[in-house]
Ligand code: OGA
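Let's start with one chain on its own, the form predicted on its own, as structure tokens.
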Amino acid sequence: MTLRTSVEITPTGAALGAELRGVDLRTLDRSQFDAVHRAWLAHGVLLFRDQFLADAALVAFSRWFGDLDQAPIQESGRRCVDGYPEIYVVSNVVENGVAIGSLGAGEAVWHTDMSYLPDPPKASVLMAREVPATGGDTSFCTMYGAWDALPAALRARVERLRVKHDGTYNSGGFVRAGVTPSDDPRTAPGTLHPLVCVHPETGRRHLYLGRRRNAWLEGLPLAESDALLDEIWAIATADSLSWRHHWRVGDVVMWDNRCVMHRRDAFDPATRRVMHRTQIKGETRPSPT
């Protein structure tokens, strides 16, 4: 459909996601932002092709949605792009023996960004600067759909539980800077969040899972927690609830970090992949049902 603002919205045809055309993110006006914001809430993930944003423009676009978090410390100890503390570099590139970014070239498992914090970011914006010809695709899955897909008996069992979101490992399996490794989720660093939340802007129920490794359902024995989480994750990450994006240079993708999880395919480490990411602060921590 085409809105009066000239923003053209084309759903992916999958369970979530839409491509937006007719908008230059460098010159966004209020009416266009309102259309983008509505589309973001409706589709969870938005794709903008051929944007080629400089770092300043990436930050400026992201700030339409709210204040920005500072980039987290990477495994290498480097934090951000020089002059832009809000920009986190996701890359396998090594220069002068030092990684310029984070996560390498391996798989990044299903996760929600920074959910191990008490107040996670509400959104992430990722800009593609260099991409390999094959591999490195990013998949997204809807946590609205995950909640809807749970059998009634399972919903009743989990809707008041809290889940521990682990802060030991990032999505690439690397130990976070300054953290002592631990594989006991009951004592590992992290934050307890409601497993089932209500989205503060749409009012819809959704799951809030974070990541599977080192997760724990509060109050349950580990074996029981693991069995229940495995059952939930198998439903939540089904292909029918996901959309897979193959990157092109100049792509900007933003997602609602509250109700969308994502993962990345591995790619050839001899190729280059350089992505710049911002994150919009969450106004409130996830709200239980």
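Numbers follow the displayed sequence, beginning with 1. Treat the numbers as computed from the prediction; the structure is a model and nothing was measured.
The following text describes the form predicted together with this ligand, which does not appear among the structures shown.
K.L.:
So which stretch, 256-264, 27-35, 231-239, 43-51, is the one near this ligand in the predicted complex (non-hydrogen atoms, 4.5 Å)?
P.N.:
This holds for exactly one stretch, 256-264.
K.L.:
Would all three of 90, 247 and 273 be in contact with this ligand in the predicted complex, where contact means some heavy atom lies within 4.5 Å?
P.N.:
Affirmative, all three are within 4.5 Å.
K.L.:
Give a yes/no on whether residue 111 approaches this ligand to within 4.5 Å in the predicted complex, heavy atoms considered.
P.N.:
Close contact exists here: in the predicted complex, residue 111 approaches this ligand to within 4.5 Å, heavy atoms only.
K.L.:
Is residue 138 close enough to this ligand in the predicted complex to count, meaning some heavy atom within 4.5 Å?
P.N.:
Because a heavy atom of residue 138 falls inside 4.5 Å of this ligand in the predicted complex, the answer is yes.
K.L.:
Look up in the predicted complex whether residue 150 has a non-hydrogen atom within 4.5 angstroms of this ligand, and give yes or no.
P.N.:
Contact with this ligand, no.
K.L.:
Using 4.5 Å between non-hydrogen atoms, is residue 105 touching this ligand in the predicted complex?
P.N.:
No, no contact at 4.5 Å.
K.L.:
Please pick, from 131, 99, 126, 217, the one residue with any non-hydrogen atom lying within 4.5 angstroms of this ligand in the predicted complex.
P.N.:
Spelling it out, the residue with a heavy atom inside the cut-off is 126.
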